[in-house]
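For this one, two forms of the same chain are given in structure tokens, first as structure 1 and then as structure 2.
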Structure 1
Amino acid sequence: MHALVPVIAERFRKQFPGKPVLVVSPGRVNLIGEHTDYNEGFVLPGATDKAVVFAVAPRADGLCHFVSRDFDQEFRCELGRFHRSPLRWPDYLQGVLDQFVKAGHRVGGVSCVFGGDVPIGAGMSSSAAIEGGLAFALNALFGLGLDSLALVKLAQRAENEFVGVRCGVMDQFINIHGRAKTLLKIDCRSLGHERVPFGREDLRVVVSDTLVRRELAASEYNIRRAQCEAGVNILRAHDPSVRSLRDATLDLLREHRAEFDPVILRRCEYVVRENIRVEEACAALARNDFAVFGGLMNLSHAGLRDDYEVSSAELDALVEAARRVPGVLGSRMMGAGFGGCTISLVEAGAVEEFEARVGRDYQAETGQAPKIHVVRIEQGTHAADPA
């Protein structure tokens, strides 16, 4: 059980009457397949032991009263009369309720306390953990009987429409569907997925946080999406079967390169290559070939840095520091980019040296120590017992 379950349950009990449902909603790592989800491609994420914990109970007065333990802040609104908040975090919660109301699901007001240990805004999807956790809780509390894919889509739409980030489906999907010791290879077009066992005792997934947060991330994210769409429009004029970059090939891009702005061409080539890398990475995992797998992670980073241009000096510094440590199989930036975290695959015996050397080298270069987390791949959003 997540250590924060009793803490959040107790905080709820102090402030609200009634017995809440308790929900554990994890963050995620993504081993490979970055910026491919909104291009209907492939991703390979896992849910983590770092999670956001919720205590939620229904109210009779139609109010929604949210308490953030981590920010020590509260927010109230009337069900259906949602308004964006300068506090930011209430928008992820309101966005979810808004989607339930818009879809005609019979929900009422709620009292809700939440808090967690997913680093915030770091590329580990704290936002999807908040959205998925509340969606799961509402489904249980109001007996709505929605299936897991419906919850994923509601949570994603909350972020797209209320928060205003045109994110793909990866984060909400893995948040709901994650499995312990398992990565999911998600086909972001069909929304089918394959389970990829990932439980080697001699390897660790290490997330290193630059501690740099950039406002730029959301606007640049939406720009990357638009650039991919621009590329698709050029290709579709020649081949109507191209619906997204998922359908593009390097040959097709080369054939029509004269029509592309060079920046758009680089963005599109990156996406096509990254999709191929996800396939190759899954094949490598099936053969237990972690050397090849790690090499593909490294290539993914190079593409994100040079062609997709979503890395940053700090992310590059962390990746380079990681790769200097013997026993590191691969390292890359993770998530949307421009700040946040890297993910490294590290031999268990090398983790101590990783923490010491990467900490020291990053600090020497940037003047700040990174925050390093060893994460486990765990179950997706689930109900927890208070005991």
Structure 2
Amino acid sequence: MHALVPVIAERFRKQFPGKPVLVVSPGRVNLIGEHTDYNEGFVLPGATDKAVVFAVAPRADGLCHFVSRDFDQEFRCELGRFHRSPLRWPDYLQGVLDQFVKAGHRVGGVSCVFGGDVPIGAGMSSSAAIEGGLAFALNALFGLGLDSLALVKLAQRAENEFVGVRCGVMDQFINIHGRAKTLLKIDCRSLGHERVPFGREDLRVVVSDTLVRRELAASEYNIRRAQCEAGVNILRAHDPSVRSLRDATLDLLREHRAEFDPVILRRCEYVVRENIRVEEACAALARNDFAVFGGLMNLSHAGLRDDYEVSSAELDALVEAARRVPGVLGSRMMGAGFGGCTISLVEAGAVEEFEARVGRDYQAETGQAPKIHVVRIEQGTHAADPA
């Protein structure tokens, strides 16, 4: 049981009547497969033990009353009369309720207390944890009977339409479908998925936060999408079956490279190679070859840095510091880039040295200490007992 379950349950009991539904909704890490989702490619994420915990109960007055334990703030709105909030966090919750109402589902007002330990702004998708957790709770609370994929799509639409972030589906998908000691290879075109074992007890997943917020990420993200689409348009003129870079091959790119702007060619080659790396990473895990898996993480970072050009001096510094520590199998930037976090695969016995040396080396280079989080691959969103 997550340590915050009794804490959130007690906070609810002090503020609201009734017995709430208790839900644990995790953040996520993506081991490999970056910037492939919007190119209809493959990703390999896992749910983590860092999570947001909800206590939610129905109300008879049509009011939605949300309490954020972490921010020590409250927000109220009427069901169906939602409005953007300057506090920002209520929008993720309102967006979920808005989607239930728009879809014609019979939901009522709610009392809700939530709080968690997913690092905010660190690329572990605290937003999807909020969206998925509330969607799961409402589905249970009002007996709606929606399946997991319906909840995923609803949570994604909440962020796309109400919050206004044009995210892909990976974060919400792994939030709902995650399993302990298991990664999901997700096909971002079909939304099919395969479970890939990730249960080595002698290894740890370590997330290191640069503390640099990703101011350039949104604008550069849109530029990268446009560059990928431009590459697809060139290839489609020669092969109409190419719908996205998911359908491209390195041979096809090389055959028509004279028609490409050199920058667009590098962007496209990165995406095609990253999809291949996801396939190779899954094969490596299937034979328990974590050395090869770590090497693929390193190659992924090199591609993100040199070909897709979404890394930063701080991300590179963290990756280079990590790789100098004995017992680190692989390390790369994670997420949109231009700040945020790295993810490293570290032997359990090397974690203490990793934290000391990476913290020291990064501070010497940048003037500030990184935040380092050691995470486990755990269950996706699920109901919890208050015991």
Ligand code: GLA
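Residue numbering: sequential along structure 1, first residue numbered 1. Nothing here was measured: the structure is a model prediction, and the numbers come from that model. For clarity, a rigid core is taken as the largest C-alpha set superposing within 1.5 Å between two forms.
Comparing the two isolated chains, structure 1 is the one taken from the form predicted together with this ligand; structure 2 is not. Comparing the forms between the two structures on their rigid core, the Cα displacement of Asp251 reaches 2 Å or more.
Residue displacement note: Gly145 has its CA displaced by under 2 Å between the two structures (rigid core superposed). Once the rigid core is used as the reference frame, the Cα position of Phe114 differs between the two structures by less than 2 Å. In the core-aligned comparison between the two structures, the Cα atom of Phe260 sits 4.4 Å away from its counterpart.
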